[in-house]
Ligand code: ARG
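There is one chain below, alone, in C-alpha cells, taken in the form predicted on its own.
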Amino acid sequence: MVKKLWGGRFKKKIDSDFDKFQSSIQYDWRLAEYDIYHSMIHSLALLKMGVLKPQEEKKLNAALKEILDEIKIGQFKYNPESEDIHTEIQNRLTEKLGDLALKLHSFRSRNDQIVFDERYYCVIETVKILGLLLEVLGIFSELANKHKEDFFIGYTHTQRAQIIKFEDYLLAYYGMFVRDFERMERFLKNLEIPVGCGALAGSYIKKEAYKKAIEETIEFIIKGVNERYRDKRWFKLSENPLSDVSDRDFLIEFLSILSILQMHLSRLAEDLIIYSTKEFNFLILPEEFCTGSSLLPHKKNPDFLELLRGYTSRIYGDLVSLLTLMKGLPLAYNRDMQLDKEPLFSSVEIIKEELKILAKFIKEVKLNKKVISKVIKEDQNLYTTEVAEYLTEKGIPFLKAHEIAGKLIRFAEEKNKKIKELDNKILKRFSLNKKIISEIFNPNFVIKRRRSIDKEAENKLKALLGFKNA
C-alpha cells in the first residue's frame, strides 16, 4: 500500500475495499499538470516564508518540472494504488528527493489544491473548446457564403411555412454557436483561481509571500495558453477561503454553458436527420459519417447525428448530477465533492470530440437543389403570406386580407387546382389577378421582400471572431 498524506491518528489500516471505493486517482490524474503548478507556487511561497532554503526550493522545483515534462509528452503513468493525484505527485517527489519532499505540503490542504486544479483545468479546456467552436463557426460562415443564392424551406410547427435562403438557415445555427462562444469567453474572463485557502480558513503563509510567488511563477504557468485569452488576473490570493474551498458554482456554470451548446448541437442534429430522410430529401449526408444496417443492405444511417443528439442526455445528466451533488452540502469541504470530477471530465471530452467531428461533417453536407426547387414550384401554400401582405398594401385591413388568402387556398384545394391556374374571373373574387399572382408566386419575389438577416450585425460578429467581412 502506498504512502498516504494522512493517517497518524489511526491505529487500524484502511479496509482494502473501502480504500478502492474512496480512491479518485483513476480519474483525477487528469489534473496532474495543474497540481504541479500549484506546488510550484506553494514551494516558492514556502521559500519566502523561510520554511524552505533556496537550495531546497531549487531541488523541489526541478523535480516538479521533471514530472511536468512527463505529463506534457504523454508519458505520465500513475500508480493505481495512490489515493488521488495529490498523493501520487507527493509520493513521486519523495522517491526523487526523500524527506525534503515532505516539506512541500507544509501549511496547505488538498482542499486548497483541488480548487486551484479544477479551476485551471476549466481555463485550459475552455480555451480548447473555443478553438474547436471557432473552426465550426468558420465553416458555417463559408457555407453561408457559398449558398447565398440557394433557396430552402422554412418550417414552423414542423409544417412548411415560407421560402427562405439556405444561407439564412445556416446563419441561424451560426448565431446559436456565436452565443455559445460569447458565453464561454465571459466565463473565462470572470474565472478566478484562488491560492492559499488551506483546509477552509486560510493559510499560515503570509499574503505577501503568496503574492510574490504568484508573480514569479505566473509567466511559466500560463505560457501555454492561447495569447488571445492569457490573463494573469486569473490567479489571486484567496479572500474568502471558507467560500473558495466549498464553491463549485464555477463548475455548474461551465457545465450549464456546455449544456446550452449541446442543446444547439442536438437541434442541428435533429434538423439534419429529418431533412436527409427520403420523405424530405433536402440534404445529402456524407457517407463517411454514416453507417449501414447488419440486415438491411440499402440503409445509410445518420449515426453521427444520432449520437450527437443522444449524448445530450449525458451532458444534461452531468449538469444535473453536479447540481444534485451540491444542493444540501454544509460548509465547507465535504467528500461528496470528490464526485464533481467525473461529470466535468465527461462533458468536456464529449463536447470536444463532437465539435472536432462536426467541423469535418458539416462541410460535406450537400444541398439537394433539385428537390427543393420542385417543392418551391409545386407548393402554392408557401406564397400565401405574400398574397395577404399584398392585399394589405392595397388598403385591405390585414385580418381581412389574411381571411381572403386563406379562402383562396381552400378554394384551390377544393377544386384541386393550382392558384396560378385560376383565371382572372375567379381571382377577381379574391381581389387578385393573374399578373399579380405570377409576380407573387416567385421565390425571388418572396426573398426580396424580406431579408431577416441583419448583415451589419452579422459582419460585426464575424469580425469579432476573426473572420473577414462578407
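Residue numbers here begin at 1 and follow the sequence given. Predicted, not measured: the structure shown is a model, and the values here were computed from it.
The following text describes the form predicted together with the named molecule, which does not appear among the structures shown.
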Should Lys165 be counted as a contact of the named molecule in the predicted bound form, where contact means heavy atoms within 4.5 Å? no
Should Met337 be counted as a contact of the named molecule in the predicted bound form, where contact means heavy atoms within 4.5 Å? yes
Indicate whether the named molecule has at least one heavy atom within 4.5 Å of a heavy atom of Ser346 in the predicted bound form. no
Taking the named molecule as it sits in the predicted bound form, is Tyr275 near enough to touch it, meaning that at least one heavy atom pair lies within 4.5 angstroms? no
Quick check for you: of 203-211, 137-145, 329-337, 168-176, which stretch puts a non-hydrogen atom within 4.5 Å of the named molecule in the predicted bound form? 329-337
Please tell me which of Leu255, Ile114, Ile89, Cys197 lies within 4.5 Å of the named molecule in the predicted bound form, judged by heavy atoms. Ile114
Within 162-181, which residues have a heavy atom closer than or equal to 4.5 Å from the named molecule in the predicted bound form? none
